[in-house]
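One chain follows as structure tokens, the form predicted alone.
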């Protein structure tokens, strides 16, 4: 599904032109090359990864919206705090960083995968959802302040407001099972000018198959936007929904 339900809200005049001139995909390619050349390595720390990079690489990471800068007195290196999803995307999908634990470099993606899964049992589902949108060049940030898993931007947050509040679900999830939960999620998203996007990750989340990251290839992701039905709209204005997989929720 092509996500274009709501028109982007650019933050300042000229922001759209800047975004078109500097696409996220181009910046990610530059970042991938730079990190791979310097064999950058991140250190696992609880439920995040600390990545030491050159100042120029820190700027590239910011342009691509990976991680957050950690304030430090060190001038030679910059420290970036990455979420598990961000770190594993750079490590497994882009293959441009290494991961270490207690000073020892983890030899392959399986060791990193097993560690992250041990810290967060739902990591496979969330990473599949994250990589699904990130591979489409959507920028994802934490959606904690909006009561969702992620918020999705079509470009850097300094240029445009986020368009989607994202909830991740699997077949056995209890989220959005009752109408009151759906109403709350849709109203909250609408109050901050976002469209609620649910990502249904389908696959077997039990058994030994989850012990290898290749299990991601067996998962599929179904996208669905949920919006409130507005009685003020004419019945003839249905063209806005004809191109989308949308669930309308009445008051």
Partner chain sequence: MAPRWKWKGAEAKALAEPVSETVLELQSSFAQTEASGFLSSCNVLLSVEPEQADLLDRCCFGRPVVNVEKDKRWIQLSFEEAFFLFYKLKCVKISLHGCSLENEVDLWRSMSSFKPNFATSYKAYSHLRSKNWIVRSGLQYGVDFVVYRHHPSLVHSEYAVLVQSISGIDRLKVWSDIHCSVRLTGSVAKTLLILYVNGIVKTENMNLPLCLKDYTVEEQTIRRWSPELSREDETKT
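Just so you know, these numbers come straight off a predicted model, no measurement behind them. Numbering follows the first chain given and starts at 1.
The same protein also has a form predicted together with its partner chain, omitted here; what follows describes it.
Remark: of stretches 78 to 86, 142 to 150, 97 to 105, 112 to 120, the one touching its partner chain in the predicted complex is 142 to 150 (heavy atom within 4.5 Å). Contact with its partner chain in the predicted complex, defined as a heavy atom within 4.5 Å, holds for exactly one of 212, 36, 184, 70, namely 184. Contact check for residue 136: no non-hydrogen atom falls within 4.5 Å of its partner chain in the predicted complex. In the predicted complex, its partner chain sits beyond 4.5 Å of every heavy atom of residue 74.
Looking at residue 188, you'd find a heavy atom of it within 4.5 angstroms of its partner chain in the predicted complex.
Its partner chain is not shown here, but in the predicted complex it comes within 4.5 Å of a heavy atom of residue 192.
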